[in-house]
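Presented as structure tokens, the chain that follows is alone, the form predicted on its own.
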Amino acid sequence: MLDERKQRILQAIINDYISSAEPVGSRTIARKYDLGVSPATIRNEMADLEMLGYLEQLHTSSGRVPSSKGYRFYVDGLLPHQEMSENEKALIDKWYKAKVRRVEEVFQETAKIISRVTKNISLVLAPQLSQAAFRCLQFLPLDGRRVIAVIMTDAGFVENKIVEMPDGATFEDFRRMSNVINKVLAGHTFDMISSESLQRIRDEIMDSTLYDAALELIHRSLDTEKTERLYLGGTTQLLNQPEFRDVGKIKDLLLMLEEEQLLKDILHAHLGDGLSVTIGHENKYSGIQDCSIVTATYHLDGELLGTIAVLGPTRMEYGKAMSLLSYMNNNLAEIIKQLRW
């Protein structure tokens, strides 16, 4: 444990480094922060903090910068609780109302909002269709030979697929088929559709050609939409961060951001954790060990849906990122519900 004076000095150093991106010296802390001690005392305390692993000195003549351990102590014990202002909340709500008309757009716009507010990379992991519950199927006539199948899930996702009508089938046959499928599958998750349910659909449709069309439609939904959707925002924001003026660092990070499955794995590691902060070397992936990730998981009707995250340098504004994700996390379900009905 650090005594109160060391904690106050560490807090001042981290606050200053977050805002300036420059190594912090004892005279800077003494001049800018009213700590009631001399620069010499601050210098000695900084030396102790470095020895304890909370600070690092990049060069012998430079000031100190926080280490991953220092940031962890700061986030866990020194960071004051921060709420978004009513004006900030109103601007976000206005953005959603102006930009979002379908559930899929919620996640796209959420990624944009997070990156613009935090000036870092945003990651939004949307739910798997196979884990979403079937809500309804509707057919719309396209022409004399084709119909549009519209599949909706309980999470509000809408999938549109063009289906060829078998020889001899009419649009009324497809409407009858949708009524049967809706009655049998309503409330079932896609990955839990049983052979008994399919047999019941077959028995009620009483037409093997129509049943084959229905089965193909269900299989196509599972095959094409069974993985989560990852929305990424603000990649270019990192180019403005001083930490990534090093071409090697930004190159490694940009290459990692092209690995969609890796990014999903990173978010999966925090699925169900609530609001979580992973700092620097706590990340097991080498491409982001100079970064921190703030994640939050969101729910709908008590069911876990996915993850939203901020990825940025360890010098990120943790308070802003955490308050934003907390607000978004609490409001995503309500926005989705409003669009569903």
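Note that residue numbering begins at 1 and tracks the sequence as displayed. These numbers were taken from a predicted model, which means no experiment stands behind them.
We do not show the form predicted in complex with the DNA, though everything after this point is about it.
Asker: Consider H299 of the chain shown here, and say whether it contacts the DNA in the model of the complex, taking contact as heavy atoms within 4.5 Å.
Answerer: H299: no, not in contact with the DNA in the model of the complex.
Asker: Tell me, yes or no, whether S26 is in contact with the DNA in the model of the complex, where a contact means a heavy atom of each within 4.5 Å.
Answerer: Close contact exists here: in the model of the complex, S26 approaches the DNA to within 4.5 Å, heavy atoms only.
Asker: Hey, in the model of the complex, is G63 touching the DNA, heavy atoms inside 4.5 Å?
Answerer: Yes.
Asker: M46: heavy atom within 4.5 Å of the DNA in the model of the complex?
Answerer: Because a heavy atom of M46 falls inside 4.5 Å of the DNA in the model of the complex, the answer is yes.
Asker: Would you point out which of 268-276, 63-71, 310-318, 282-290 contains residues with a non-hydrogen atom within 4.5 Å of the DNA in the model of the complex?
Answerer: In the other structure, the partner sits against 63-71.
Asker: Go through 1-20 residue by residue and record those having a heavy atom within 4.5 Å of the DNA in the model of the complex; state none if no residue qualifies.
Answerer: Stretch hits: a single one, R5.
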